[in-house]
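First comes one chain, alone, set out as structure tokens in the form predicted on its own.
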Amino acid sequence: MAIFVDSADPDDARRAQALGFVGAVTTNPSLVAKVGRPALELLHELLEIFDGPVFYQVTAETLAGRADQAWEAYRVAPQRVVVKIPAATENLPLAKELAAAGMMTCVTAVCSAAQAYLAAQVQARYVAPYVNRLTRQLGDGVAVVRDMAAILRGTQTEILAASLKSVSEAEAALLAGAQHITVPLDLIVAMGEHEFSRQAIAEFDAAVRSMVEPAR
């Protein structure tokens, strides 16, 4: 079970690396566009900054083009690049071919248990459902994660829940069976905080001060 940072921003990768417990960096075309630099260039930099895996999504219009992109990214760091392949029937043979060649793959934008099942058939390492988006589109993204977890039980394919917008939504995805989550850096920070924890810390500090302050 791991938490990943969902960002293509090198500064976010540096901060995530400094935390010491973030397992990977996940990127997608929208996040890359926000940074405004070529995806492969960012991949190189993120791999230099971050010690763990970096996820890279193929975007070419043709299957052959997507295969070329996958190999180009993989060769940058064969043990650390995870190739993201959008969920579509035409992409499944490519996913199988890449996994057979030793690549770590993630079938992304998975919207149903059926798609997750097929991703397992092609030996995908991860499937990535967009939980909040699925809630907006289908009514209950967490329920979709729960169904995926049931159908993937006993396989080597793991759920990487994405599109999580709050601490409670991240908790719900994990409780529904996601092995991993990927969230923005500010949400990682928020997950480590709680108002009652701060209250307890303040009480501890006050107790310490009362012991060291001289009596009047």
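The numbering used is simple: start at 1 and walk along the sequence shown. From a predicted model like this one, the values you see are computed outputs, not experimental measurements.
The protein also exists as the form predicted together with ligand E4P; that form is not presented, and the subsequent description refers to it.
J.: Pick the stretch from 61-69, 27-35, 151-159, 46-54 whose residues have a heavy atom within 4.5 Å of ligand E4P in the predicted bound form.
T.: So the stretch in question is 27-35.
J.: Please run the contact check for Tyr130 against ligand E4P in the predicted bound form: heavy atoms, 4.5 angstroms, yes or no?
T.: Yes, Tyr130 lies within 4.5 Å of ligand E4P in the predicted bound form.
J.: Heavy atom within 4.5 Å of ligand E4P in the predicted bound form: which residues of 151-186 meet that condition, in order?
T.: The stretch 151-186, when checked against ligand E4P in the predicted bound form, contributes Ala162, Ser163, Lys165, Thr182 at the 4.5 Å heavy-atom cut-off.
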